[in-house]
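Consider the single chain below, provided in structure tokens and representing the form predicted on its own.
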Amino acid sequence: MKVLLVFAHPEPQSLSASLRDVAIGELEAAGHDLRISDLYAMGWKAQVDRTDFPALGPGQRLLPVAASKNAFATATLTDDVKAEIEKLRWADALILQFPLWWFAMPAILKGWVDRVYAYGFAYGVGEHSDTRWGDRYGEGALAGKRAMLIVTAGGWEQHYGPRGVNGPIDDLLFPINHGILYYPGYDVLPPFVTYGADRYDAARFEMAAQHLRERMRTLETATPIPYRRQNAGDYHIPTMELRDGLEAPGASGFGLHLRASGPKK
């Protein structure tokens, strides 16, 4: 497989960096072709602003969606963004690796998504009609590829459990897994999450490393999270509400968007 790993942590001696090296070592040992986007090392520009759209006139109002659509269509996106889009097209699998900071990805990684997910590439594609609402949520430019998250969290695992005060980890990561990865078509694998990131000793690290090596060995074969496809009949179009009676007993919130008959995570 061709694998793109997008890494977002500023410290080369961090647990995240050490786990990244474990993942890289296992992927290379298995013969995968690997590219790395180390955002801090690259000095990645996180914010979307006028400099992202060189074709925009000096007095022209910046409408980010319209500017992104025009820049992608006319191949006038900036070179750094074009390079990342080319990597996404090249890769069979995408791994986003980051520490969970304030219940989300670091700003630099969110900025990578904001800038690289151009209109006409990652969104704004496909027919909008009474039977389809664009090529998204299981369809799109990145359909047929795989994606997963490698996440380090500071709190205890119980803090992110079903009754944990931080909220269930699957709910916290839903906007990324479903909204960023599944939206443009990726088959999204269950995330690899480590907890208590600041309290690791050698024994705990080796245990986590072993689990991560196994996840890398099954990157091609692991069963994706069973999200519902938008245009497969489960949702009313154009309201995009789930049809009554399709949910598993007791399911609500984000859980509504998992196929009840699908494999468990």
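Start at 1 with the first residue shown and count on from there. Computed from a predicted structure; not experimentally measured.
Quick note: we don't show the form predicted together with another copy of the chain, though the next part is all about it.
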- From the candidate stretches 22 to 30, 230 to 238, 217 to 225, 203 to 211, select the single one in contact with another copy of the chain in the model of the complex, where contact means a heavy atom within 4.5 Å. 230 to 238
- 4.5 Å heavy atom contact, Ala46 to another copy of the chain in the model of the complex: yes
- Message: Taking another copy of the chain as it sits in the model of the complex, is Asp92 in contact with it (heavy atom to heavy atom, 4.5 Å or less)?
- Response: no
- Does the 4.5 Å heavy atom contact test between Gly196 and another copy of the chain in the model of the complex come out positive? no
- May I ask you to check whether Phe72 falls inside a 4.5 Å heavy atom distance of another copy of the chain in the model of the complex? no
- Listed residue that, although another copy of the chain is not shown, lies within 4.5 Å of it in the model of the complex (heavy atoms), from Ala143, Val113, Val125, Ile85: Val113
- Query: If you check in the model of the complex, do Lys2, Asp187 and Pro190 all have a non-hydrogen atom within 4.5 Å of another copy of the chain?
  - Reply: no
- Query: Can you name the residues of 129 to 167 that have a heavy atom within 4.5 Å of another copy of the chain in the model of the complex?
  - Reply: Trp133, Arg136, Tyr137, Trp156, Gln158, His159, Pro162, Arg163, Gly164, Val165, Asn166, Gly167
